[in-house]
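Next up: just one chain, as structure tokens, the form predicted on its own.
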């Protein structure tokens, strides 16, 4: 199996124009788009709409109750249609800006060993640079061939970093238009630091919530922090919140919420076969280096470690805030404590079920006064390796000289359920060549050479999918 001469011509054109392509990517990520506080969101939505229009497509900025969705259509009367799902928002940088080696929205090229030239910026890997690279690739195909091999429908949201709160609202109103598609594609570079292609067939679900404990009938200061000498006769909201959190999980990691594991499914035959194969190539040392940890949970290894990552739900404390944390000393008994918590769900757990069980747990443990505020909340999503859109991506990797390491799902979450479940019931695929890392962290990066190869792989994939046969 070899690349066609048509695709080779497109690849050569990408090489010729890549310096200009890189500048377009830098220009896009230099525009801040922080959905948490609104910085640059309107400007970035306009820029994103212009990318669709530059390809000759029709585009509009569709209002929601939150940040808008950029919707577009680019039709060539082709047999197959792909929804291109993406996001134009990024994470905040304020709390970490002193840790960046360059200003976080400078879009600078930095020599980062051992990778060489890298684009360092917020949005470099998550996911504005890959999104702009997708448009660059499509632009090149149009310049070389005059048309794309598939029709495209664009759904590019501005709230992925907020949990895609209003994306269901958008999809519900546009089911007719979206139902014309055969599959969904999320462009995202898939190579690890050593160049291995890691391919994920699904995502876990997520519930992101905030727990708040305030002084009240149970005890504790009710309106303000008071002198810490009062701890001799007044209860502490901070300790109460810590005890509530502690009641949810044992020291060895077992989650203590009654019925939490009730609907957790065992790996399917397809998943178990993938896990066994994964254990043969899984490079845990590379992952430990990438995320900068010294050991994994319970010191697990091999298939057992992979199974733990893929098939186990989690409760994680993202942060705790309370009282005085500034310089020097200030002895206070706080009147309020907050914890941000995320719960990751695996098949066949349901969000409503787990929220109900969490509330029941707190009530049964005597913590009914603790307020629960739900922020992000959506279920898991999964596709079969046999789906034609997945097979098209696998063939793309092989045409570029890579044998992908295929994972049933990733430990993180994304709102693919919106497309994968009724009423659309569409398969999806995540992928593309290139390496980047440090999403949500200081010095987020993507390699420059990886961006070049990403654009080429996008072109290959579109032609591979166009020529594939749909699964029946």
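None of these values were measured; they are calculated from a predicted model. Numbering follows the first chain given and starts at 1. Note that the rigid core is defined as the largest set of C-alphas that superpose within 1.5 Å between two forms.
From this point on, the text means the form predicted in complex with a further copy of the same chain, which you will not see here.
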Non-hydrogen atom within 4.5 Å of a further copy of the same chain in the predicted complex for each of 2, 47 and 147: no
Considering a further copy of the same chain in the predicted complex, find the one stretch among 187-195, 397-405, 213-221, 263-271 with heavy atoms no farther than 4.5 Å from it. 213-221
Answer key: of 105, 380, 134, 309, within 4.5 Å of a further copy of the same chain in the predicted complex (heavy atoms) is 309
Taking a further copy of the same chain in the predicted complex as the reference, which of 99, 372, 78, 317 has a non-hydrogen atom within 4.5 Å? 317
Close approach of residue 239 to a further copy of the same chain in the predicted complex, 4.5 Å, heavy atom: yes
Contact flag, residue 160 vs a further copy of the same chain in the predicted complex, heavy atom cut 4.5 Å: no
Should residue 249 be counted as a contact of a further copy of the same chain in the predicted complex, where contact means heavy atoms within 4.5 Å? yes
Would residue 231 count as a contact of a further copy of the same chain in the predicted complex, using a 4.5 angstroms cut-off between non-hydrogen atoms? yes
Scan 125-139 and write down, in order along the chain, each residue with a heavy atom lying within 4.5 Å of a further copy of the same chain in the predicted complex. none
Given a core-based superposition, decide whether the C-alpha of residue 206 shifts by 2 Å or more between the shown form and the other one. yes
By the 2 angstroms cut-off, has the C-alpha of residue 195 moved between the shown form and the other one once the rigid core is superposed? no
Take the rigid core as the frame of reference and indicate whether the C-alpha of residue 76 shifts by 2 Å or more between the shown form and the other one. no
